[in-house]
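The chain below stands alone, shown as structure tokens; this is the form predicted on its own.
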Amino acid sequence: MTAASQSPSVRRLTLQILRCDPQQPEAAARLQPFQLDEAPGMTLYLALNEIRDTQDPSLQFDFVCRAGICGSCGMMINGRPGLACRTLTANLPSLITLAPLPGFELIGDLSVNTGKWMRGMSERLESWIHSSEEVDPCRLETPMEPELAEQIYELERCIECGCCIAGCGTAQMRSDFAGAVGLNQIARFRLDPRDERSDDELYRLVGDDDGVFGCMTLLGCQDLCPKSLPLQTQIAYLRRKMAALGIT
């Protein structure tokens, strides 16, 4: 048996990519197939870059870090939201269908404007530390108990990739729904001793159908979160606290 016959065959991948340019409304959206050979350890990020480098330089998609930190490369992967840089092609069938995340303004092809949606949500929920103290960059912050700092850090790991919004039934029906990413921010500020807002003030920011009571508890946000955040635990906690305060 020769060495060539012993080597495993290279798998041929077909990526069907939804092509759409909002700047050309007369051009209908279409699925365009691209074929390439799978390489060891290939991610969708690497596959898309190879396609853009060797087949179609007009292909639009976003990336920055390649490490699952920036959240830029979120897209629908065979109908499921995910990060291209963290998705190995070896874990997918040879036919892969890619589309942009729903619920966000389309820039083109696989590129969407998650930043615009996240900014609007953050401004509505006032997701910054409210403090009457003047910030002095030269002064050390007040020490925080390690256990509390760990709880806050756990919720701050959100990378605002938009996967939870794309996988949320309520977010697709309600454009003003804060989503798990917004509710997670309220839960985070509830823990932070530097924020001077009361629990009641924080809860009332999301105490309606565009907030925690709009959630249909389908668990898509937690199932699809690339950082495995305890989103449903936080939503359930907020609901119980609001019910106790009579915010319904």
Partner chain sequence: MSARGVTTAPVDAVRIDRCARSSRVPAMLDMTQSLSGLLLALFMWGHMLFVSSILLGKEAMYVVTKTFEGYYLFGRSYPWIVSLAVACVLLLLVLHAALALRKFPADYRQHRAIVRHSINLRHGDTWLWLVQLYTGFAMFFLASAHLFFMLTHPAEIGPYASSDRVWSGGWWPIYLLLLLAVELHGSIGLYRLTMKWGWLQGRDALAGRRRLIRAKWGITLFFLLLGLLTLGAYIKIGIEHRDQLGERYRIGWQSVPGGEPRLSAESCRCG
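Note that the coordinates shown come from a computational prediction; the quantities given were computed from them, not determined experimentally. Numbering follows the first chain given and starts at 1.
There is also a form predicted in complex with the partner chain; it is not shown, and the following applies to it.
Asker: For the chain shown here without its partner, which stretch in 42 to 50, 22 to 30, 216 to 224, 183 to 191 has non-hydrogen atoms within 4.5 angstroms of the partner chain in the model of the complex?
Answerer: It is 216 to 224 that comes within 4.5 Å of the partner.
Asker: Is it the case in the model of the complex that 55, 113 and 119 each bring at least one heavy atom within 4.5 Å of the partner chain?
Answerer: Spot residues vs the partner chain: no contact at all.
Asker: Answer with one of 80, 157, 86, 130: the residue that has a non-hydrogen atom within 4.5 Å of the partner chain in the model of the complex.
Answerer: Looking at the other structure, the residue within range turns out to be 80.
Asker: Taking the partner chain in the model of the complex as the reference, which of 94, 97, 172, 151 has a non-hydrogen atom within 4.5 Å?
Answerer: Partner contact (heavy atom, 4.5 Å) among the options: 172.
Asker: Indicate whether residue 162 is a 4.5 Å heavy atom neighbour of the partner chain in the model of the complex.
Answerer: No, no contact at 4.5 Å.
Asker: Taking 4.5 angstroms as the cut-off for heavy atoms, does residue 36 touch the partner chain in the model of the complex?
Answerer: No, residue 36 sits far enough from the partner chain in the model of the complex that none of its heavy atoms falls within 4.5 Å.
Asker: So, residue 195 and the partner chain: in the model of the complex, are they within 4.5 Å at any heavy atom pair?
Answerer: Output for residue 195 is no: heavy atoms all beyond 4.5 Å of the partner chain.
Asker: How about residue 18: is it within 4.5 Å of the partner chain in the model of the complex, going by heavy atoms?
Answerer: No, no contact at 4.5 Å.
Asker: Using a 4.5 Å cut-off on any heavy atom, which residues of 204 to 243 would contact the partner chain in the model of the complex?
Answerer: Heavy-atom contacts within 4.5 Å come from 204, 205, 207, 208, 209, 213, 214, 215, 216, 217, 218, 219, 220, 222, 223, 224, 232, 233, 236, 239, 240, 242, 243.
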